[in-house]
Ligand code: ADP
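Before any questions on how it binds or moves, here is one chain, the form predicted on its own, in structure tokens.
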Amino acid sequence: MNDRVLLKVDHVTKMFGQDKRQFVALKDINLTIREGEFVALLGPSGCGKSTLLRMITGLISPSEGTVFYRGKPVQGVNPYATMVFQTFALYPWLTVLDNVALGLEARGDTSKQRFTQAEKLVDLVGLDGFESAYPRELSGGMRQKAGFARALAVEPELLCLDEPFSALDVLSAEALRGELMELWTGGKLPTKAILMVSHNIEEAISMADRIIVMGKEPGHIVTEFAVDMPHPRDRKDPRFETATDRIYAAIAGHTLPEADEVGAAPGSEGQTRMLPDASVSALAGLLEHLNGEVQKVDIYKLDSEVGLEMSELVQIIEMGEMIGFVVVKEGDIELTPLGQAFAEASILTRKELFAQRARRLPMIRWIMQMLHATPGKELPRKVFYTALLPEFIDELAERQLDIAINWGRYAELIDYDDRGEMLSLAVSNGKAVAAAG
């Protein structure tokens, strides 16, 4: 690596929507990438990692601030950067060679020599012998190799990877990571730097020189870590385990006071806290697992123990914190007495414990109060969706309402008629009506 700056993201903010319906996806992002660097962006779902990548490549523009490439503002598509997406994004009616050559055609090269260059790249990524094959004939790993070859066809200075291994099975992903690192560390790639979005902490540590950790609501940079270990990296190395622990601690943060943890109700003063995208059954499984432990547990050990990816695990932990069943501090997670009681309770008692805590959540309470204020104790789903639009962009408003309904139904606080798309107060045992009043 040298000190020559390729990319500088200077106080960049990205907002979607207009006027009161603006949603802040990213706020005041500052980032620099130099020649020779492999940088990874890590963070929970919804923190804006992919949005940042798209601004860097020029696919979308910042709302505030500037993206500079070699000292010049990026205007339109960045000609020095290219993207490899999560999905393979190959044209099914084209052969591997034609798909790779298409990358050159997109830059205006229609000469016959483009196929010679494409063939060299097909060989480089290990697909020689499959030049005439169609995507349907290839495995997932081979299709993603073709995607890499097409991205490399234009010899980008900055190669941007948007979770490029997430659509692959575990073994294929591991093999492709190793092959990419062999090309990168061996100086065989026609690129000067790599920026990768990932949801996998071990993946980032095994590949990147520097890891930037992002948080959400809105998306922002929390901290960054240098990974000072030679390649290939051993996951059993104590330094690897230490780095994993530190990064998990940065992503999971620590449990806030309850007023901050649950946030504010939609339409009121204060920040409306998004409900974590997790289910009660997933939370119950985590609590049962933790209940077998006698002390605090390192969060970084949980993903392998319970078989979850970091992004999914963090959402479940956030749900546990919000409900009050777990606390997190310095990368460790511990059951609260309520969490232990839930883990050991019967099915009906679990529902009662969850309902007691769910009533305290501003989002759930807001829905119940709106329903209680109507004569029939029911309202169309669209009413709540419309009310959430000033808080969230369309797809987030939909998902937040889905999560709230699912939690409320489990707790027997809210009923939902999917056919009629109507929400109503659950009246079993009179719990919901009394709670909303």
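Here the rigid core means the biggest group of C-alpha atoms that line up within 1.5 Å when the two forms are laid on top of each other. Counting begins at 1, following the sequence as shown. These numbers come from a predicted model, not from an experiment.
The following text describes the form predicted together with this ligand, which does not appear among the structures shown.
S.K.: Just one of L423, A25, V9, A426 has a heavy atom within 4.5 angstroms of this ligand in the predicted bound form, so which one?
M.R.: Going through each option in turn, the one that passes is A25.
S.K.: Which residue, R381, K377, R54, R34, is the contact with this ligand in the predicted bound form, using a 4.5 Å heavy atom cutoff?
M.R.: By the 4.5 Å heavy-atom cutoff, the listed residue in contact is R54.
S.K.: If we define contact as a non-hydrogen atom of the residue within 4.5 angstroms of the partner, is P62 a contact of this ligand in the predicted bound form?
M.R.: Contact with this ligand, no.
S.K.: Looking in the predicted bound form, any heavy atom of M368 within 4.5 Å of this ligand?
M.R.: No.
S.K.: Can you work out whether F16 and this ligand are in contact in the predicted bound form, taking contact to mean some heavy atom pair no more than 4.5 Å apart?
M.R.: F16: contacts this ligand in the predicted bound form.
S.K.: Residue-level contact is defined here as any heavy atom of the residue lying within 4.5 Å of this ligand in the predicted bound form; does V39 satisfy this criterion?
M.R.: No, no contact at 4.5 Å.
S.K.: Can you pick the stretch from 369-377, 44-52, 401-409, 388-396 whose heavy atoms fall within 4.5 Å of this ligand in the predicted bound form?
M.R.: Only one stretch qualifies here: 44-52.
S.K.: For E318, does the CA position differ by 2 Å or more between the shown form and the other one when the superposition is done on the rigid core?
M.R.: Yes, because once the rigid core is superposed, the C-alpha of E318 moves 2 Å or more between the shown form and the other one.
S.K.: Pin down for me whether the T57-E391 Cα distance shrinks or grows in the predicted bound form relative to this form (closer or farther, change of 3 Å or more).
M.R.: Note: Cα gap between T57 and E391 shrinks in the predicted bound form.
S.K.: So the C-alpha spacing of E203 and E318 changes by 3 Å or more in the predicted bound form; is that change toward closer or farther than shown?
M.R.: Closer is correct, given that in the predicted bound form the C-alpha spacing of E203 to E318 is reduced by at least 3 Å.
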